[in-house]
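The chain below stands alone and is given as structure tokens, in the form predicted alone.
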């Protein structure tokens, strides 16, 4: 498809950093390290890596192959394989759009906290003198303020996406992702100088972490948690890698990138744990998951460090913003690329800027109810389905991570692995003389192992969200 609004990556480094940016997100920074400690430590890490290899690497390579072979965004790409498969593409477009509706709100939280610590550095009152729990409760209940920071987030990300692939998204990630790793290293080095920081390592890498988190080891639950974390963390089944694959140059090695990106994502998640838990335990804190860790426990942790804590807190939330924005622009690009491609296919092309503006508006509309729900503190939470799951944010997450993402991944494996056959994707992976790293591994996994494991993910996640 000859469409000047689509663009392409300038080279291998740009693609890899952008794909890593998509994978490294908010869930890595608190979800993975907490889940690792609460579910067995090192044994959990091994289980997670098994899912990454047999699902993450495989589906990532498959999605990139579909994208580059068709040169189109998810709906049209799957439609080219067979018109009846367009529904799989729709899952991969609706999913990132819905996720963006709550992801933008969480990044907005991080912007507010970074601003708060910046004010504290210069002698201001960034948090109204309140502790972590009190301030978080006050802030989330202030819907107007939450909406303002959500709008700031969406406008900023919209500007980046509107700048195009090489001129906007790739340019941000070439600075943002190295910057993210540098900030992680700085915070980790500082944390290791704190007395009692070794407890953070004990929590993450030994079975004692379960005692600290007040949990017991359950192999099935550890598998379920690891699978869910892998699915979201590797950006599978949400059309991102199909979309980015459509911008890849023919000489790029798909199989090499499919191994590098999940490895870098896992490294970032482990480093995030080293940037969080040594500080938490050094200050006498206790681990707790979810937004409570990111916006309550860590707020109190940094505040207890004195003036240096304001600097570390500011750097940490800037890091969270980098991670969140790099993922959100990927989510927004999927939706925008669909708008551009579908309009072109209908003979009514639209500019990238108009497509991004339209999708940003849709995402904002989806984010408003999340802001109004106040993480479960409104009448919205009392709606039948929402009350069953927990809050509106969790409900969005249930339909995307719990249903659409694993279902899309399963169907892609079945369609390509069984209907089209290995030659269909191997031809794309071997373009320009590239070798497939693990050719037999991909053949067996795409056809048998990955669909079976992803079916486990689908069933277990659906049951877990429903409290079963």
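Quantities reported herein were computed from a predicted structural model and do not represent experimental measurements. Residue numbers count along the first chain shown, from 1. Note that the rigid core is defined as the largest set of C-alphas that superpose within 1.5 Å between two forms.
This protein has a second form, the form predicted together with tryptophan, left out of what is shown; the following refers to that one.
None of 157, 356, 78, 240 but one reaches within 4.5 angstroms of tryptophan in the predicted bound form through a heavy atom, and that residue is 240. Exactly one listed residue, out of 40, 33, 27, 417, brings a non-hydrogen atom to within 4.5 Å of tryptophan in the predicted bound form: 27.
A residue is said to contact a partner when one of its heavy atoms sits within 4.5 Å of a partner heavy atom; residue 255 fails this definition for tryptophan in the predicted bound form, lying far away. Residue contact with tryptophan in the predicted bound form: residue 73 places no heavy atom within 4.5 Å of it. Proximity of residue 109 to tryptophan in the predicted bound form: non-hydrogen atoms within 4.5 Å are absent; the residue sits far from the partner. Although the partner is absent here, residue 405 is a contact residue: one of its heavy atoms lies within 4.5 angstroms of tryptophan in the predicted bound form. Looking at 327-335, 366-374, 384-392, 273-281, the stretch with residues near tryptophan in the predicted bound form, meaning non-hydrogen atoms within 4.5 angstroms, turns out to be 327-335. If you take 92-125 and check each residue for a heavy atom within 4.5 Å of tryptophan in the predicted bound form, you get 99, 103, in sequence order.
For residue 33, a C-alpha deviation of 2 angstroms or more is recorded between this form and the one not shown after rigid-core alignment. Fitting the two forms on the rigid core leaves the C-alpha of residue 442 displaced by under 2 angstroms between this form and the one not shown. Relative to the superposed core, residue 425 undergoes a Cα shift smaller than 2 Å between this form and the one not shown.
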